[in-house]
Every structure is written in structure tokens, then in C-alpha cells.
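Shown next as C-alpha cells: one chain only, the form predicted alone.
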Amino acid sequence: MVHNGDALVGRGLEDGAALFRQWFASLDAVARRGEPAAYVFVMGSVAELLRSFDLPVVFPEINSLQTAVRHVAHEYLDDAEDYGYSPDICAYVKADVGLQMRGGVHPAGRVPKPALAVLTNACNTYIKWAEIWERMYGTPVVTIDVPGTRRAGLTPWPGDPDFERDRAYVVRQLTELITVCERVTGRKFDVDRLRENLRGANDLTASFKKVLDLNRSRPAPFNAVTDGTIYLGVANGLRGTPEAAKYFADLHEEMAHKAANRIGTLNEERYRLAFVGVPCYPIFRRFNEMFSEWGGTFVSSTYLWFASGGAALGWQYELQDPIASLAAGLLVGVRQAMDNMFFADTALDQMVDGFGLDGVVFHSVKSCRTVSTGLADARRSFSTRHDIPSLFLESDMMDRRVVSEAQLKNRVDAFFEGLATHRAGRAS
């Protein structure tokens, strides 16, 4: 099919925003009908399995993120803190508590109550977060314990004896989850529905991986922080659906066109940057402008890797044995997520040459110790291995009370001045 090139450019952002609005509208309709929904998380959502029971999936992380992007997070945080939650805990959790206290009312509509919560051990906060819904609603909680990587650089794959033992362990847990889903929904498990959802996820992840790889082009066809957040929303919220598979096939077509025609995100791409951590959502647009004004483009991001549910790997399920394959996908995806949080230096080493980095931005946030702990050490370690300037910033992903735009801008400006000096020194 031949498309007009001008019509392709920008299509992914428009279609992604439209799909997101439709998804939230569907959740609003579920809430108004009082029907059940499953609460899940981006690292190991098993959305493919839950959708085989026609359970709508709710991502509390995404809900909380949206309150920050829409500049109302402080209202939800205040509600939770007034109720007794500490200012020091994860702001995603507090925003969700505020949302539940408001009956699910959200900037994009209403979120249904949880009839089931499914989580992995990818983030220590997930487990305590689910206990809140258990106390509020008596929600049944299923925790899937995914054995992590034993050490950095050691990632066994299917066929390895250690991997197969871990897979069998996860398969037993998925079998228990199926029993819970049958009890909650009153429906029998349909393996063919799961197989179809896995096929849709395969199409999504294959295209997602190709899109990420296209940012190796010069100039980069998309911004890994701003545009990438939209891509993540669709990849997680609609995982396993035909709509998501089509979206990412179309997105790959657009990005391939932009790469072939040297169409970037900026008029002039001067510096290619990697982003480590979680974005600053309270001033999301302005945060990116601080870099784009200097000609800086985020060409890659550890966030795109660890928050993509394994999609960044292009992982493909084997459809002959859906449960065993889903277990393998969980092992690979959750391990990749944890490794990119805890061993960010390994991910960065892969980015340096592949994406032609000029600089790296480490962003530590008050609200997420899981991601932020060790970032300063990761930066120091990175600097010993690569002659590439880096910047360490501190703000937050949710709480505008600890975000200082002026302070951030001063440090970003100094970083780019240093980048220019570093480039001139290497050229001389």
C-alpha cells in the first residue's frame, strides 16, 4: 500500500492519543456499569491471559502518570497525605489512593474498582500497593514470583536448565491464576483465546523492536522520552489486541519513512542523548524543551526498555504451548525490566555505539527509590568506561513540590556548554 509521505509524519502520535482516549473511555464505561476489572502493572501484566477472560485491564501506574501530565497530581497526593500516607512513599501509590478515595474519578474519566489484582515482584512497591486494594475492597491478589537474574550479564534463555526450572515454577503460578480468574469471572479458561492474544502481542513486539532500532538513524525519527511515553501507553494498555498490533505496524511504517528521508524530531539534531530513569511528568513538555532548545534529542531510554513489558526485546511467544510460552515471556520480560533498573550500566553500554551517543542524562526521582537507588553510582561507573559527558538531575515523576524548573534549567544549560567544549576538544 502506498501512502503519501506527508500524511505519515505525525500519524503515530495522533493515532496513539486517540487509542489512549478510547481505552480510558472503555474503562469509564466499565466503571459506570459496575463490571469487574483487573488491576495490573507494566512489568509483567499478563494482559494476554486476563483478556482471554474478557477482563478489562487497569494500569494504576498509567493512571497516576496521567494526573501528573495533566497537572492535577498534587490534588490526589494531598488527599492521600491528608488521609495519613507519608510524603516519602511512592507518589504513584499516593495518587492512586487519592483516586480510589474519589470513587475512581480521573482526569480521563472514571476507573473501575478492582475485582482482581495481579502483580509480579519486579517492583517491591507492587506488593504493598496491592495490599491497599485488598484492605479497601477485599480484592483477591495474585502475586507471580518471577526469579530474577542471578547477576549482571547472566541471562539464561529457553533451553538452559536453570531457565527451564524457573519456567516450570512460573507455569504453576499461572495455572493458579487461571483458577482465580475462573472464580472471579465465572468463565472457563479458553486456551484458543489466549493463543490469539499472544499472536497479537507477537505482532506488537516485533514492530515495537523495529521502531526502537530505527532511532539509530541520524537524525532520530522519534524522541524516546516524549514520543516514547505514548508508545509505552499503547504497548501496555492495549497489549494483545488487534488495535495495538495495527498501531505498531503503522508506527513502524511511519518511522521507516522518516528514517529513509532523514526526517527528525528537530530542525537540527546536534546532540544524541540517552535518558536513564523515569521522566519528569509534572513539567513534562518543559523538561524536554530544556534539551531540545540546545538541539538535544533523546534517542534511547532505559524507561522504554524496563516499562515496556518485554516488548523492547521483540520477544515472540511460541503458540503451540501458550501457558509455557507465556511463562517464558514473563521470565524474559520481567528480568529485562529489573536488569535495566538495577544494572543500567549494562543497558547503557549497548546504547553507546548502537545509538551514537553524545551524552547521557541520569534522572533520579524522589518518588521511586526502586529506579533511583544507585543511579549516582551507575553514572560514576559509566564515566570510567566511556569518554561521554553525563548529567545527573534530581526532581520527581509526580510531585511538583520537589521540582525546581529554574534549578533544572541551570544544570541542563551547563551540561550543554560542557558538551560543546567536549566536542571541540575531541575535534582538535
Partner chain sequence: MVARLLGDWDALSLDDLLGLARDTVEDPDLPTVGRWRDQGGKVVGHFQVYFPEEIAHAAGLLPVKVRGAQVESRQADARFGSYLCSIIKTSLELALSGRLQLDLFVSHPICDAARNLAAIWGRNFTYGSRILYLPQNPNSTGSAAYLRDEYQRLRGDVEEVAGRTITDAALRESIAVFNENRRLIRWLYGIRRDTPWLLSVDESYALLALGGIITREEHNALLHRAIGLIETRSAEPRDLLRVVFEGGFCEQPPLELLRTIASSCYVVDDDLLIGLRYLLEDVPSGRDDDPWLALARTYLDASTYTPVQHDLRKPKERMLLERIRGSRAQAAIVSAAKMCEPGLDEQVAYSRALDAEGLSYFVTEFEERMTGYDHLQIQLETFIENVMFA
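No experiment lies behind these values; they were computed from the predicted model shown. Positions refer to the first chain, counted from 1.
As for the form predicted in complex with the partner chain, it is not shown, yet the points below apply to it.
Decide whether Lys366 counts as a contact residue for the partner chain in the model of the complex under a heavy atom distance cut-off of 4.5 Å.
Because a heavy atom of Lys366 falls inside 4.5 Å of the partner chain in the model of the complex, the answer is yes.
How about Tyr83 - does it come within 4.5 Å of the partner chain in the model of the complex, if we only consider non-hydrogen atoms?
Contact check for Tyr83: yes, within 4.5 Å of the partner chain in the model of the complex.
Taking any heavy atom pair closer than or equal to 4.5 Å as contact, tell me whether Val141 reaches the partner chain in the model of the complex.
Val141 belongs to the contact set for the partner chain.
Are any of the heavy atoms in Thr185 no more than 4.5 Å from a heavy atom of the partner chain in the model of the complex?
Result no; Thr185 lies far from the partner chain in the model of the complex.
With the partner removed from view, which of 131 to 139, 309 to 317, 257 to 265, 207 to 215 is the stretch that lies within 4.5 Å of the partner chain in the model of the complex, judged by heavy atom distances?
That would be 131 to 139.
Please identify the residue among Thr125, Gln100, Asn236, Ser325 with any heavy atom within 4.5 Å of the partner chain in the model of the complex.
The residue in contact is Thr125.
Candidate site Arg150, Tyr169 and Ala376: all three near the partner chain in the model of the complex by heavy atom within 4.5 Å
The answer is yes: all three residues contact the partner (heavy atom, 4.5 Å cut-off).
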